[in-house]
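First, one chain by itself: the form predicted on its own, in structure tokens.
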């Protein structure tokens, strides 16, 4: 008498199933987008020290030193890189899926009447931001980590003079122009993305949706404008 081998059925992992579905991907884009929205605001506050304080870069250098040596901040920084990559990958996958799901266009359609410029061009606006991020990392992060950066000492503590590095880079009008154009792209990207995050998370109600739209509009203008003002003002200062 031979014992029969029972068929072992493996149930698919619900977590993997959910986050590989369309709804799961949209949720991933929303959650990573929300994190990056918060990161941009914090990053801007730190960078504004370069133009708010006329101290030769002391406040900014000390801020950068703290950010680069605090263990918790470093963990968040690694997470930030991960979320950026995840946000890009999932967004591209969603865009490809949406386009392949509707291979033929409607015979009659007016996209400009049914959707905003930002919503129709999110992938291209995101591409501008991605290219900017690569240039930003090459110009600043890579040089501060792997290049030779001037040292400066404050109150007996020696650190990188990242302020001098920024001043040097923003003496180049081409780099300044790239930053300004990239911030315009970021502004349009945020204009649609900010509201989409809350809509995807189900925070969409007649009472507070108008507030979210207004907040998104203000954020989408002020944050990129703040980032754009830094290279513009530093370039103008370099001319004097």
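Predicted model, so just to flag it, every value in this text is computed and none were measured. Positions refer to the first chain, counted from 1.
Beyond what is shown, the protein has a form predicted together with protoporphyrin IX containing FE; the following relates to that form.
Novice: Of 160, 143, 136, 87, which residue is found within 4.5 angstroms of protoporphyrin IX containing FE in the model of the complex when only non-hydrogen atoms are counted?
Specialist: Spelling it out, the residue with a heavy atom inside the cut-off is 87.
Novice: Only one of 40, 212, 51, 59 gets a heavy atom within 4.5 Å of protoporphyrin IX containing FE in the model of the complex. Which one?
Specialist: The residue from 40, 212, 51, 59 that makes the contact is 40.
Novice: Based on heavy atom distances of 4.5 Å or less, which listed stretch (168 to 176, 28 to 36, 65 to 73, 204 to 212) is in contact with protoporphyrin IX containing FE in the model of the complex?
Specialist: Among the listed stretches, the partner-contacting one is 28 to 36.
Novice: For residue 127, is any heavy atom within 4.5 Å of protoporphyrin IX containing FE in the model of the complex, or not?
Specialist: Answer yes; at least one heavy atom of residue 127 falls within 4.5 Å of protoporphyrin IX containing FE in the model of the complex.
Novice: Taking heavy atoms and a 4.5 Å cut-off, does residue 122 contact protoporphyrin IX containing FE in the model of the complex?
Specialist: The answer is yes: residue 122 has a heavy atom within 4.5 Å of protoporphyrin IX containing FE.
Novice: May I ask you to state whether residue 151 is within 4.5 Å of protoporphyrin IX containing FE in the model of the complex, using heavy atom distances?
Specialist: So residue 151 does not count as contacting protoporphyrin IX containing FE.
Novice: Should residue 95 be classed as touching protoporphyrin IX containing FE in the model of the complex when contacts are defined as heavy atoms within 4.5 Å?
Specialist: Heavy-atom contact with protoporphyrin IX containing FE at 4.5 Å: present for residue 95.
Novice: For 179 to 208: residues with a non-hydrogen atom within 4.5 angstroms of protoporphyrin IX containing FE in the model of the complex?
Specialist: Contacting residues: 186, 189, 190, 192, 193, 194, 196, 197, 200.
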